[in-house]
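The chain below stands alone, shown as structure tokens; this is the form predicted alone.
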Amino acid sequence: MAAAVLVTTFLMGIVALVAVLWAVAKGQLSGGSNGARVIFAPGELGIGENPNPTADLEPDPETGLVQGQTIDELQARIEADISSRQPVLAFAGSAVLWLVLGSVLGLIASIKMHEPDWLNESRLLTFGRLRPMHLNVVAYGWLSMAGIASALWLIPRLLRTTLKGGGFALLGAVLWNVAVLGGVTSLGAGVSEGLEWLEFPWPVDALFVLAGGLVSLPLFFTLRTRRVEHLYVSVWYLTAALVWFPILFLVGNGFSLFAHGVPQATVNWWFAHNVLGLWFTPLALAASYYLIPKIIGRPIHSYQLSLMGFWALALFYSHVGIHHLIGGPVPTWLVTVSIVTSMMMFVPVVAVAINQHFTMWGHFRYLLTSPTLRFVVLGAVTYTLVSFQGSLHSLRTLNTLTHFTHYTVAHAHLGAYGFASMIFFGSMYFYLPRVVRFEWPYPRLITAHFWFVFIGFGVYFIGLSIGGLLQGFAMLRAESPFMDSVTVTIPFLVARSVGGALMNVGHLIFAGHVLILMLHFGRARTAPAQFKPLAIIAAELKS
């Protein structure tokens, strides 16, 4: 079975190689500095996109341009945003609802780790059911649907045309919600495949594969009518994610039905890690590669480096998940391959880190004003941290300490929440006003959302990481009873629940603000929803 997974991965690599050859033949890998500028309109460099889509912007009397664009270019951008409105709102609205439910389930499960007798009257509320319900609601309800919403908005933006085939994406949204609801209901009833990340029964899996296929169709339909010659790096990330997901989901769930024992565990962690690295990661990086340059009005630091980062991710990531089985009855060569590819992940991570952090260099003042940038840059920094952390603890020496501890749980949340969720939060703050044509009415709610989730996740991650390390040291002491490794973690599990509660408050604020925005409640704003206007910051600096 391990060989079958490797063969599948090899075939996926062949497809990627064909894509590379096509890209070379079409000149898509040699865009240079012009490739980095393809997302900007002529005259837009150095300005950045106006964060308020509803303001009455007058053309500059000397140039006739509006925010560096002609009236025709501005209108084309508005039409591109509106063309994706229905599928974007379907996925984004659903994602926010699943976020609230998943957060509540996660908080209850967290509290049960240090208060096991709390809410134990019902089998539905046992930890064994709540935890997989939380995981799958967050992974497939929140992260996946938020990432798809971002992708559907980005596609017409990046290709400078209107979205084609949006009806297929709408149908995909319906099927995706049905799949999440059906899967979570099954888990609540105790019907589960019993494998982490692969708990859903096979009829639900089939719905996800079908929905994932439908969601990818608008990308290919829109590509045929694109008005750009060069495909920006974000297009590569989006294309990869939307193609990889149905394949990963079909292979992972299909093989797990027929494999048993060690082969089943191998398939399990091959899939589980690839969901993060080949699904959430490219969706989030596609958004960050677009939003950071657009907001500050500056092309990414090195376009060639961005392409190298993409292809290195595609080449090295697919086998890293097997390092979760270090110490198990798994072939040594397979684990070693996983460790080697985990270390090789330094290549794409360093490429992305250099690109995004050097692009921001000298422009950090925008973090004081832009809600989108504050979330997205935080997510970009976290991507660097979680990737370095993941590569290092794939080494056998460090894995001996961290394996089977809460430290691994903290690491997983650093990737799924600190990286992907933060970028998707920031993306929504940018694109939702553009598709609903209504500005965020209460900027202070954005501020509250940021600080609740930032502080809450800090308490959550730091507490769980320290507790996990102490747990690992306690388990390695042969003279200590096993219960010592349990009791030492209790204060840190309480900290986890406190942090989770703060995050829940932030999510409720965010969900309420999204609802207000979508319903056009609150006062209509003509000024952009920012933390603090740049003019005020400039005046403060002068004084």
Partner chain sequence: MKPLEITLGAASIVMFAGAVLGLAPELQLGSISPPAGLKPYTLSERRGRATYVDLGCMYCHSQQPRDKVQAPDEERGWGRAATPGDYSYDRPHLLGTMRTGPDLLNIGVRQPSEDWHLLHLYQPRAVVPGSIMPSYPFLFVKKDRNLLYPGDRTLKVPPPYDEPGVAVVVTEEARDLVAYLKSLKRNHPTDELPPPVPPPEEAKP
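Positions refer to the first chain, counted from 1. Here the structure is a predicted model, which is why all the values come from computation and not from measurement.
Just so you know, the form predicted in complex with the partner chain exists too; it's not on screen, but the next bit is about it.
Between the partner chain and the residues Leu493, Ile39, Leu502, Leu517, the one pair within 4.5 Å by heavy atoms in the predicted bound form involves Leu493. Of the candidates Ser427, Thr281, Ser318, Asn355, Ser318 is the one whose heavy atoms come within 4.5 Å of the partner chain in the predicted bound form; the others do not. Looking at 120 to 128, 381 to 389, 452 to 460, 286 to 294, the stretch with residues near the partner chain in the predicted bound form, meaning non-hydrogen atoms within 4.5 angstroms, turns out to be 120 to 128. Although the partner is absent from the chain shown here, none of Ile71, Gly182 and Tyr366 has a heavy atom within 4.5 Å of the partner chain in the predicted bound form. A residue is said to contact a partner when one of its heavy atoms sits within 4.5 Å of a partner heavy atom; His403 meets this definition for the partner chain in the predicted bound form.
In the predicted bound form, the partner chain lies within 4.5 Å of some heavy atom of Met475. The closest non-hydrogen atom of Ile322 lies within 4.5 Å of the partner chain in the predicted bound form. Using a 4.5 Å cutoff between non-hydrogen atoms, Phe438 does not count as a contact of the partner chain in the predicted bound form.
In the predicted bound form, the partner chain lies within 4.5 angstroms of at least one heavy atom of each of the following residues of 252 to 269: Phe255, Leu257, Phe258, Ala259, His260, Gly261, Val262, Pro263, Gln264, Ala265, Thr266, Val267, Asn268, Trp269, in sequence order.
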